[in-house]
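What follows is a single chain, given as structure tokens, in the form predicted on its own.
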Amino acid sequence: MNFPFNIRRLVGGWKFLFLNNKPFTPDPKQSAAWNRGAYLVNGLGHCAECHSPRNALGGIVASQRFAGGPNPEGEGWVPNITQKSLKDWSEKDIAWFLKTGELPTGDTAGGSMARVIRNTSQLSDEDRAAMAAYLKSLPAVDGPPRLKVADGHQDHKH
């Protein structure tokens, strides 16, 4: 890890600033399926870790949670998974994607998302449907602008 993240004592400060140590609390206003989806997406799936932009200290930009951004692995762009980008996807489309990696356009997931799909494909249909219900409920959020690459074209890698 790069400085200052290679200094062990500073990790505690980072955790204090950016990690929420609270257990998941269901929202009584939502369905059991929605709450299951929220638990899976925000907890076990930790989808926001890749699908959210980061601030200068490496913390998730809360106002753009799930709005995509630069790939944390260093190359390409991670898609926005709020209704900004998924408005034309049905819950069934999302659940199918989580099972097969196939997008409604016929394209397939690549990169680190292909590894995620290998895991989500092992979930039950009910769990994937719950995740889809939760993701479909996320409001549209604008993500950060894509950076220009040297030749003047936008970076369109996924």
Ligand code: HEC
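Don't overthink the numbering: it's just position in the shown sequence, from 1. From a predicted model like this one, the values you see are computed outputs, not experimental measurements.
If you look for the form predicted in complex with the named molecule, you will not find it shown, but the lines that follow are about it.
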Is the named molecule close enough to A38, R65 and A129 in the model of the complex that each of the three has a heavy atom within 4.5 Å of it?
-> no
Does S124 make contact with the named molecule in the model of the complex, using a 4.5 Å heavy atom cut-off?
-> no
Using 4.5 Å between non-hydrogen atoms, is W89 touching the named molecule in the model of the complex?
-> yes
Can you check whether H46 is within 4.5 Å of the named molecule in the model of the complex, heavy atom basis?
-> yes
Contact between A109 and the named molecule in the model of the complex at 4.5 Å, heavy atoms?
-> yes
Those residues of 96-117 with a non-hydrogen atom no more than 4.5 Å from the named molecule in the model of the complex are F97, L98, L103, T108, A109, G110, S112, M113, V116
